[in-house]
Structure formats: C-alpha cells, structure tokens
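Shown here is one chain on its own, the form predicted alone, set out as structure tokens.
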C-alpha cells in the first residue's frame, strides 16, 4: 500500500507540474520539432503509397483515393474534440491554466479538420451518390460538430475577462461531447447512405493491406500535425498570457542578449 501511495503522489505531483505554463514551454521546445518531423515523414510515406502503390478500386476507380485525406480528417475531427473536451473538464475541475489553453487552441484545428472532412466527403459523394450534399445522419452530425467548434471559439472570445471566457468555453466543450458518439454510431442508429466502419470493426479491416497501410500512415501523420500546430499555438498563448511573469521576462532578456552578441 505504501508503494502504491508513493506512486500516486509522484504521478499527482507530475500531473500538476506538467500542467504549469513554464514547464509546458520547456517541454514544447523538444516536442514541437519532433512532432513536425514525424508529420512530414509519415504523411509523405502515406501519400506516396496512396497515389502510386495502392491499386484502383474495382468499383470507384481512382476517385476513391480521396479517402486517404477524408477518413483521417474525419477521425481527427472526433479525436481533437475528445482532447478538447477532456482538457476543458480538467480545467473546470482542477483550475489548470494549461488545460484551458489546450482546449481553446484545439478548437480551430478541430474545426479545420471537420471542414476538410465535410469538403472531401462532398467531393467524394458527388460521383458516387450523384449529389454534393445529402442530409445523411453522418454528414449532418459532422456539420453539427463544426458548429459546436465554432460555438466554443465564439464563446471564448465573447468575454473580455479571461477566467469567465475559459469557464464558459469549457462548459460548452464538455456538454458538446455528446456529439462524438452520435457521429460514431450514426450509421448504425439511422438509415444512412454513408458506409459503415471498414477499419475498426469485428473481423478486422475490410480493405487490403495496400490500401490500409497508407490510410494508417496518413492518420498518424495528421495526428502529429495536430500535435505540432497545437504546441505552436499553445506556446504563443502561454507567452502572451504570462508576459508579465518573471520567467517570461528572463526568457525575453536572454533572447535579446543573444541578438546583441
């Protein structure tokens, strides 16, 4: 019991320590370029295989290749919302500065991936369904997700007082999490033109490895791209929010001294 208690205390201290803006900024110096490099490598490998290695689909021909952008973007639209809502909940419970920053910095990135998923879905659906848009359960719920992202951002910037803005934004983000399972199960719950799961399903993926591998490469690459942009945005917000603190002043003075020499 004493051993478990020691581990818990260590994890608890580490959790709050890593949640401080100063510690986050230190970690981001190392993590940000690594995420950027992984994004480039994985996406280049995935894109090459998607365009030149994966065979044409026997029904859709080469038009199906848009899935290598559409599917990872759709996955990221949900994943980012889960991260945003989790960070918002942590901020509400523990009043952690970095949690609020992660939440609000994730919102525009998630909105972008959601918009890409909707746009590529329309481009893909036009030749397959014969229409650019259909009020399909999956498409409609994904559109609602985009509006929730917009609502989170609008609510945050609607208040001048930062604490009020953070809490209001966080409440909406947490409440809005209900859209994630709705999107995920929409194909099963309602009659839908949208195809069901083809990767994470019982019996294994319903696509050959030559198609599955580039899809997973791009999904991982897009995920690291999210991390890369998140850290860049969060770093800038940390510096702006903490500009009057001693450690930021020391950082600025250090940079000025480097430029002077």
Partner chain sequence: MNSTFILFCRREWQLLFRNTANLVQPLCFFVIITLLFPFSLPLENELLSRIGGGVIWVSAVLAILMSLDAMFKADYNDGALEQWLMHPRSLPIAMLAKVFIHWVATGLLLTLFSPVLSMAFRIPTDQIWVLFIGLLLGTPSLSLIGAIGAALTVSLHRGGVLLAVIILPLYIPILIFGAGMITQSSLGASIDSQVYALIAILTLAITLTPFAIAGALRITIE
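None of the values given here were measured: they were computed from a predicted structure. Residue numbers count along the first chain shown, from 1.
Keep in mind the form predicted in complex with the partner chain is missing from the figure; the text below concerns it.
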Check your understanding: Using heavy atoms and a 4.5 Å limit, would one call residue 76 a contact residue for the partner chain in the predicted bound form?
Key -> no
Exercise for review: Check whether residue 151 has any heavy atom within 4.5 Å of a heavy atom of the partner chain in the predicted bound form, and answer yes or no.
Suggested key: yes
Exercise for review: Report whether the minimum heavy atom distance between residue 183 and the partner chain in the predicted bound form is within 4.5 Å.
Suggested key: yes
Exercise for review: Spell out, yes or no, whether the shortest heavy atom distance between residue 159 and the partner chain in the predicted bound form is within 4.5 Å.
Suggested key: yes
Check your understanding: Any idea which of 106 to 114, 124 to 132, 82 to 90, 141 to 149 reaches within 4.5 Å of the partner chain in the predicted bound form, heavy atoms considered?
Key -> 141 to 149
Exercise for review: May I ask whether 155, 172 and 175 all come within 4.5 angstroms of the partner chain in the predicted bound form, judged by heavy atoms?
Suggested key: yes
Revision key, fill the gap. Answer key: of 98, 71, 118, 179, within 4.5 Å of the partner chain in the predicted bound form (heavy atoms) is 179
